[in-house]
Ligand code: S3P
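Below you will find one chain, with nothing else, as structure tokens; this is the form predicted alone, and questions on how it binds or moves follow later.
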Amino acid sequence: MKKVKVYPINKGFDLVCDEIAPDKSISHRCAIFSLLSDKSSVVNNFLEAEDTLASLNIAKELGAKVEKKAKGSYVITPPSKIQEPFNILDCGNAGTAMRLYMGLLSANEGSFVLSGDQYLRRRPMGRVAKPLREIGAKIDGREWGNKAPIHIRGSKLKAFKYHSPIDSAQVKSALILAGLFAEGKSYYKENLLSRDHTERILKGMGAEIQEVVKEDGIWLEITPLRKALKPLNIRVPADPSSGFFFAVAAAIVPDARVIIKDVTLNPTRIEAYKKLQEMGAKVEFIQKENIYEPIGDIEVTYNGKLKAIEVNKNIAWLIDELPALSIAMAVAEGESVVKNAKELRVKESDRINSVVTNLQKAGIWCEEFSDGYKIRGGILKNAIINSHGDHRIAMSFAIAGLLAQMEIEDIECVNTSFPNFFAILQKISEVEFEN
């Protein structure tokens, strides 16, 4: 169980982040969606972290040939048909891998077992298994298919019309993948648009996915594949949720500025930056291109003490950034509130409890709700932090260490999404590792 001490700094910094981890969500999808083509996909700047490499390794287990050309550069050649694997498909800590592969494999002939580490095996999969079962998927697992290991026997799927009770990009993506192989057009609806990388990338590959207006609202219409999709030729942009840790650092440290280079500016991915802007930080978005995704730079500059904020809308757009945003809330003037974020309970840890208990250790008054928390801004104090095996908790409190010494336990989880996080942090702060 590796630990780290992060020591506070007493001066500002000017940091250009051109080594932010490539986008995790897009990297997962590149590995998985390459199986939908009949030609080789070229993926550059692929995130070489434990979670995303799990998705890539599963593609290999399913028959794809994966050639590494350089760091982060891969050519993925799909099999003519998804093969029944000899081994259990290990998703590691990646909920995205497990849920998206559940959607894809449910419609493909064969027997497949998906499992993962101790944390992933505790996370709910019924939100995907239940709607898939309703259209003919054969899925089983612990707690009637709610917990991994998950067993799937591929079968023919019926077309569906599904209004999801959960605004989740992972649920939506799983159902879209199933719909591409269903017997007829399918329709999917969510109450609030979740991250739309799946729709953008698949449409770029030639899939027929469009929004249609019905009497009861706007639905995604998914037309079954008539032929294999075009291969990918993509450079994965930097991950805004990874860059956000350093955005928070710039917002809370006087005389600090950070430029996060070549990041996706997808509107469903920059909501946390807009909230930081609302709290008083100076935030600028500079778009440079827009092919699969809008891509550009984000500049964040300290602009005085932050003000408290309430976050209760567009939760699906900033769910991953809320732990880091809570650090900004902890030093803002007034009481900040997060509501309608019950989804935080079923992430890599119970992030509501993880945020609250660790901030309390650091001397900040907090109140925990079933769907969020209240944080009264104050002065952070030295603390020993339990990451609960959650990469975003570990990195968020490492940023808090810029203002007060933080000793964070169990930091190996950071390798699941941002392996060079501490290397970047060491450019602005003293960092000491312990075994």
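Start at 1 and count along the sequence shown; that's the residue number. Bear in mind the structure is a predicted one, so any value in this text is a computation, not a measurement.
Same protein, other form: the form predicted in complex with this ligand, not shown, and the subject of what follows.
message: Counting any heavy atom within 4.5 Å as contact, can you tell me which stretch out of 113-121, 339-347, 283-291, 322-330 lines this ligand in the predicted bound form?
response: Result for this chain: 339-347.
- prompt: Since exactly one of 352, 169, 253, 362 fits, which has a heavy atom within 4.5 Å of this ligand in the predicted bound form?
  reply: Flagged contact: 169.
query: Does this ligand get within 4.5 angstroms of any non-hydrogen atom of residue 275 in the predicted bound form?
result: Outside the cut-off, so no.
query: Does this ligand come within 4.5 Å of any heavy atom of residue 266 in the predicted bound form?
result: No, residue 266 is distant from the partner.
- request: Determine whether any heavy atom of residue 96 comes within 4.5 Å of a heavy atom of this ligand in the predicted bound form, and answer yes or no.
  value: Heavy-atom contact with this ligand at 4.5 Å: present for residue 96.
- prompt: Applying a 4.5 Å heavy atom distance criterion, does residue 127 contact this ligand in the predicted bound form?
  reply: Yes, residue 127 lies within 4.5 Å of this ligand in the predicted bound form.
query: Which residues from 178-207 come close to this ligand in the predicted bound form, meaning a heavy atom within 4.5 Å?
result: Read in sequence order, the lone residue that approaches this ligand (within 4.5 Å, in the predicted bound form) is 195.
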